[in-house]
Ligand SMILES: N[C@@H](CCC(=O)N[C@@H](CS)C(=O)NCC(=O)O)C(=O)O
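As a starting point, one isolated chain is supplied in structure tokens, in the form predicted on its own.
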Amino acid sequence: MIDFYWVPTANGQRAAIMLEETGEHYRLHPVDLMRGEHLAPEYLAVNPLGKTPTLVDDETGVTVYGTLAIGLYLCDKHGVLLGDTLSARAAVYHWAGLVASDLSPAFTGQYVFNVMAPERLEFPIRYFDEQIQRLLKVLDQRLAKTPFLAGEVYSLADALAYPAAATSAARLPEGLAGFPALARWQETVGGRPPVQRAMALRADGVSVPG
């Protein structure tokens, strides 16, 4: 059994999708950031960084923090969604890394300065908006050539990228308008039952910043 500490944001949804895709049994532990539960001694004992998502696997005794690390751990544990050859895995790492290292931070910056910031600061707003548009264009160009990010089959890269399209991009004034291949891919991935189950998870009584 896995104890899954999360917040119902895009990052939490990424880890939840991977738990559902691999068929893991897990217990949900919502963490209320607005009430400071991420900095409470009980949670810091699980993850001293005080961030989410984090999983604790009773079966292996392993604790893993962060969406990319959680995704890779679950893929390795179950032998799925990484590809069967070195070149296939390289493609998965490439696109999963782009999502985790570039796209997710860009959306975080956009959220902080567009939603959470007490005053409107034009430079960071423009900077993160431009970064998001640039990254979405790259994803759209890729998906115009292949059905999934790493190629012909669904992979970890798609699981991690989906909440960016379904949750984060929903905050953009025009959503995914102008990115037809990305929109097509979102509909395909969103039709997967594990993805639907993960996206339907709720954290009753937990406030999300902003």
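This one's a predicted model, so the numbers in the text were calculated from it and none came from an experiment. When you see a residue number, it is the position in the sequence shown, counting from 1.
The same protein has a further form, the form predicted in complex with this ligand, not shown here; the description that follows concerns it.
Every member of the trio 50, 53 and 65 reaches this ligand in the predicted bound form with some non-hydrogen atom inside 4.5 Å.
Proximity of residue 142 to this ligand in the predicted bound form falls outside the 4.5 Å heavy atom cutoff. Although the partner is absent here, residue 33 is a contact residue: one of its heavy atoms lies within 4.5 angstroms of this ligand in the predicted bound form.
Among residues of the shown chain, residue 186 is not one whose heavy atoms approach this ligand to within 4.5 Å in the predicted bound form. In the predicted bound form, this ligand sits within 4.5 Å of a heavy atom belonging to residue 9. Heavy atoms within 4.5 Å of this ligand in the predicted bound form are found in exactly one of 56-64, 165-173, 149-157, 33-41, that being 33-41.
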